[in-house]
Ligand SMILES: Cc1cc2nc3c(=O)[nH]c(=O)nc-3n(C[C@H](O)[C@H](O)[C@H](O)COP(=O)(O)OP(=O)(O)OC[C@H]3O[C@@H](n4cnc5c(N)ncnc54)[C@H](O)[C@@H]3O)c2cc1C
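Just one chain is shown here, as structure tokens, and it is the form predicted alone.
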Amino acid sequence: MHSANVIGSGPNGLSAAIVLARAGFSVRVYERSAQLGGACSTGEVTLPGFHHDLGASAFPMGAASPFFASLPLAEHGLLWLHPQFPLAHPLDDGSAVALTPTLAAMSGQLTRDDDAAWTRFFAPLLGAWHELVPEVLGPVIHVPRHPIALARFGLPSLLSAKALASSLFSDCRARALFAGCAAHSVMPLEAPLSSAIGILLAAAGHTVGWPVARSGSQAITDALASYLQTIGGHLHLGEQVESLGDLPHAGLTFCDTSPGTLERIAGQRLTPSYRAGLRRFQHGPGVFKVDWALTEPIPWTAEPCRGAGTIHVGGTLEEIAASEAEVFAGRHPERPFVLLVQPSVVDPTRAPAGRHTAWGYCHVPNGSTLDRTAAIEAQVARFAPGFQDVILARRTQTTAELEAWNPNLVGGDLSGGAMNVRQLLMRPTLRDYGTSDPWLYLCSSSTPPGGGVHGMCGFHAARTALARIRA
């Protein structure tokens, strides 16, 4: 009874394993790759000495995670590095608006009216930040411990990002800044609830920041794994699990996998109705990703972009909304919204002396095979003329290549499933972490609270299982 198998060594799988090991379970983690971490890992994929994050790279939710904060990860090598600005958003007039580490520092970047509106909207959320985060990173259905803080966040979150930005702000600068944050939702900006991620990420920028991990995202995975081993957990690398029957007997099994993989490897251990529910789970748009090795920093026209870790490349609210709408219609926009991270502006370990690394991706229809390199680089060069001249080497990945590398990224979907209203309430089914087998649990980003490197899916899955055992 007091043993558990965990399939997958992403942050959620490792988090579930840590919760179980702390509870006295003998825990074994199985990873198909020779490298831990899944989409939270780092490698030399362009040139020797250039260390690229293979998936996630900036970690507002990692810095905000209550579970990560409860662990001695700094003692196991994790060091958060904070750039001058969490993010910057360049505009066609040659300027940029930056999300600043404090709310007060926003003053002077926006129009007078929008500066006041930004402060009015975010100040109450920041004041209740430590109460709010456990609520929004918790299971969808739970009894709120801080209902007032949750209501302040939840009521405006019901609106679409486009409607909220248009109602709050009168000028293009504030609207664009919010739109870029909201586009992380991987939802049309006209869709209900698309504002929620924008609100959360902007508030995170003013509180915990959008840090990178020193030496790469692999440091997060390695710190989790190192701590797990100190409390008795065991890691098994290079072991592909094709069926639950491949594993040694254990009281509990946790899958840090996609719902499709869970159905395939669990097979007849699941009821037909539950398997049908897993098959109905929808995946969202994919991404086309480019990693760059650079001779020097990206030559952004706007100064704030040179000190920001993350850059939202897409112009105005209207342009970003149109780009994302094209993707959801199954098309490839001519000028895509590009999410770009340049970790070497704050972390010199990422590249040889004087050199730099960066990566960017744009959303594409799930399963797209189209090469978007030229479109992405044209968007960057729009705000950083001469960008192509500083590229030493690049590595590109289509949706199929991303999925081949990590089967959890179905069709290139980085979010663990479409973020629509139905799947916010049923992720992946009404059982959340549990399955029709009482000893089998799902703990990936396809469960609440969803995508992002925060470990909370694994934390809640393991806590759910322990509560049921003790009941």
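Quick note: we count residues from 1 along the sequence shown, nothing fancier. All values derive from a computational prediction rather than experimental measurement.
One more form of this protein exists, namely the form predicted in complex with the named molecule; it is left out here, but the text below deals with it.
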Close approach of residue 361 to the named molecule in the predicted bound form, 4.5 Å, heavy atom: yes
Contact label in the predicted bound form: residue 414 to the named molecule, heavy atom within 4.5 Å: yes
is_contact(residue 167, the named molecule) in the predicted bound form, heavy atom dist at most 4.5 Å: no
Residue 289, heavy atom within 4.5 angstroms of the named molecule in the predicted bound form: yes
In the predicted bound form, segment of 417-425, 399-407, 42-50, 430-438 with a heavy atom within 4.5 Å of the named molecule: 399-407
The single option of 239, 115, 319, 135 touching the named molecule in the predicted bound form, heavy atom within 4.5 Å: 239
In the predicted bound form, the one of 27, 58, 442, 64 near the named molecule [non-hydrogen atom within 4.5 angstroms]: 58
Residues in 255-273 close to the named molecule in the predicted bound form, defined by a heavy atom within 4.5 Å, in order: 256, 257, 261
